[in-house]
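One chain is shown next in C-alpha cells, namely the form predicted alone.
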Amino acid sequence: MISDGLFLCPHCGEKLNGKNGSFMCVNGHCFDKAKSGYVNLLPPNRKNSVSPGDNKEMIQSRVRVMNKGYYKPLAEAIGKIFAEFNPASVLDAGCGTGYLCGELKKSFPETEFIGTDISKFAIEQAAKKSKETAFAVCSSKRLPISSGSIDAVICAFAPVYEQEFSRVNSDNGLFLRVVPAKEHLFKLKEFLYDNPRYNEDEDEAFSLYEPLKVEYVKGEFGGDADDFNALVRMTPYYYHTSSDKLERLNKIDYFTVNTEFELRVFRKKADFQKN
C-alpha cells in the first residue's frame, strides 16, 4: 500500500500523490500504479538494459525458494533487532520478491515498510504477496525517497550504496547488511564442485556508519530436485557450474543444506548527521 508523499518524483524530486490510480507530482509528472499495487519509478533513461535486474526465470526460482523458508531464520533475527531499536520506518533496498518485508510486517504491523528493487518482475511478485508494504521499481543508486525519512535500511545480498543509504537514513538510523557467512551453502558446494571453497570474509569498512554488532544466523534448507534447481538458479553457482554437474540436481529425491548468514548492524554516524 503506497501512501501519498511516501515516494518522490524521480524527475524533479517533488512528493508523489495518488489520484485516479496514478501518482503525480506538482510539476505534472505522472506514474501509473500497477494492478498489483506497486509503482515504477525507474525512468527509461536510467536503465542499463531493457529489463534490468533479475529476469522472470530467476524470480520464479526465488519465489519457490523463499516459500520454502530459506530466509525465515534471517527474518527472525532481524525482528529481534527491530524489537530492540523499534524503527518506525524500514526500507529493504534490493528487496527481491519482498520476503523480508512481508515477514517483518507481520510482527511489526505499525511499522511502515518500503521495498525497492531494480527488477520489475521481482517487485511485481512482492506487491502481489504483501499488500501492506509499499513497493517501487527503482535503483538503489538514486532512491526516490526523502532524505532522513527512513529509520532502518536493510540490504541483503544486494549492492551497497553507502552515500545514498545514509542520505535516506534518519538521525541515529540503522543499516543492516546481510552477507553469506563462511559456511553458507557449503554442503551444496560440496555436491556441485570437486574442490569447494568457503566463502571469503567480506571486510567492509563504511565511512558514514559505525558498527554496532555482528550476528551469525544459521538455518537449514531442504527440498527435492526442483527446489534445488531453483536454489542454484538464484545464486552465482549456476553460472560457474558445468552442465553435467547441474544435471546431478535432477537425480535428487531429497537433500538438505546449511544456511549461514552474517548480519552486520551499523548506526549512522553523528558527524555525518550534522553535515
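Predicted, not measured: the structure shown is a model, and the values here were computed from it. One-based numbering along the sequence shown.
Although it is not shown, the form predicted together with a small molecule is what the next lines describe.
Visitor: Quick one: of A181, I114, L188, A156, which gets a non-hydrogen atom within 4.5 angstroms of the small molecule in the model of the complex?
Guide: Contact check passes for A156.
Visitor: Sort through P144, G173, G94, G102 and report the residue having a heavy atom within 4.5 Å of the small molecule in the model of the complex.
Guide: Contact residue from the list: G94.
Visitor: Taking heavy atoms and a 4.5 Å cut-off, does F108 contact the small molecule in the model of the complex?
Guide: F108: no, not in contact with the small molecule in the model of the complex.
Visitor: Taking the small molecule as it sits in the model of the complex, is Y161 in contact with it (heavy atom to heavy atom, 4.5 Å or less)?
Guide: Contact check for Y161: yes, within 4.5 Å of the small molecule in the model of the complex.
Visitor: So in the model of the complex, is the small molecule close enough to E215 to count as touching (4.5 Å, heavy atoms)?
Guide: Answer no; every heavy atom of E215 is more than 4.5 Å from the small molecule in the model of the complex.
Visitor: Report whether the minimum heavy atom distance between V168 and the small molecule in the model of the complex is within 4.5 Å.
Guide: Although the small molecule is absent here, V168 would stay clear of it in the model of the complex, with no heavy atoms inside 4.5 Å.
Visitor: For this chain shown on its own, do V65, K68 and A127 all sit within 4.5 Å of the small molecule in the model of the complex, going by heavy atoms?
Guide: No, the whole trio is out of contact, none within 4.5 Å by any heavy atom.
Visitor: Looking at 51-59, 240-248, 33-41, 223-231, which lies within 4.5 angstroms of the small molecule in the model of the complex, counting heavy atoms?
Guide: Stretch 51-59 is the one.
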